[in-house]
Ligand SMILES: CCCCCC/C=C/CC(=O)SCCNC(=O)CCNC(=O)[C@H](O)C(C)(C)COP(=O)(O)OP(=O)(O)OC[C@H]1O[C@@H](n2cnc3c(N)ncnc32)[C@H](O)[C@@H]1OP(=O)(O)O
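To begin, one chain is listed below as structure tokens, in the form predicted alone.
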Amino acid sequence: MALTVGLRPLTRALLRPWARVPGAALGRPAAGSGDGVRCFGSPRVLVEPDPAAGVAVMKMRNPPVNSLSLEFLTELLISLEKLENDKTFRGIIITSDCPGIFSAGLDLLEMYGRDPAHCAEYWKAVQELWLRVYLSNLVVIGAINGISPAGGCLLSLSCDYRVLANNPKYAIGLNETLLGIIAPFWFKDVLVNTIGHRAAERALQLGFLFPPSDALQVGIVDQVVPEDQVQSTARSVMAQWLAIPDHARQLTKNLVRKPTADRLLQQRDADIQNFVRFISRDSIQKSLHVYLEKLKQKKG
């Protein structure tokens, strides 16, 4: 699937195979790997490869809360594309390098006070990330080591398996209504597929953020473990998934997920236009303004 967002100078640099760019914290061995295996990545994404296991750990590091900005989305997409194109890797573990935060979701600053062209470009990148993760031939496991609302929840739901840290401060859910906006139909589709129609209907309308025990009970995550066991559990689960022949698992994944992805692919341009119209409304811009002001006050 081709990358659809615009190519900026940073993006063009990242497209070079295994690009090493400033701030990537390279030069140290990857966790769990043999000597000589080095991390690679970009300013906002760190990849720790373990070629012997056929697995890479992708750490999001866009502090303070891993908001999915346009540049961050682009770096995530490029890292995914590199791993998918390297036959060494059969699975990836997506996690966070920001303490207490998996991802706070979409970057509201990409939607507030922006012109329609920018909003359209941003939404293309959001669509693309979901499609790439949701349909990836790799086994994708979410090691959710922090709060994961809205777009962060979507990223988690797109994984094949989700392990959540058992910390009462952490919660996960599609809480868009609390911000005065609505979850797009494809966000809704993934949640319905995961927890069922009635549970999703209530969760979406009320903007539920599920604490770990409730998230496990409703099925939004597959496992809840002590915080210091999230990574090791994700690796153990990965070994179980990689025991299945790739072709059988990939074809089955496509059989189950393609109809959901096709709904977006068939309406992709219309979805972008609807998003731009919606986010450009005065009432929505005012809601975003109010929410951003509240965030500023909290930080102050």
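Numbers follow the displayed sequence, beginning with 1. Keep in mind the model is a prediction, meaning the values are calculated, not measured.
We do not show the form predicted in complex with this ligand, though everything after this point is about it.
No atom of this ligand, overlaid from where it sits in the predicted bound form, falls within 2.4 angstroms of a backbone or C-beta atom of the displayed form, which makes the pocket open. When contacts are judged by a 4.5 Å heavy atom cut-off, P149 counts as touching this ligand in the predicted bound form. Looking at L206, you'd find every heavy atom of it more than 4.5 angstroms from this ligand in the predicted bound form. Remark: N175 counts among the residues lining this ligand in the predicted bound form, judged by a heavy atom distance of 4.5 Å or less. Put simply, G105 is close to this ligand in the predicted bound form: some heavy atom of it is within 4.5 Å. The three marked residues, A56, L70 and Y134, fail to reach this ligand in the predicted bound form, with no heavy atom of any inside 4.5 Å.
Between the options L155, L76, I101, V230, the residue in contact with this ligand in the predicted bound form by a heavy atom within 4.5 angstroms is I101. Interface residue among V225, L179, V192, A120, judged by heavy atoms within 4.5 Å of this ligand in the predicted bound form: L179. Contact with this ligand, judged by heavy atoms within 4.5 Å in the predicted bound form, is confined among 61 to 69, 247 to 255, 232 to 240, 47 to 55 to 61 to 69.
Taking this ligand as positioned in the predicted bound form, the residues of 266 to 280 that bring a heavy atom within 4.5 Å of it are, in sequence order, N274, F275, F278.
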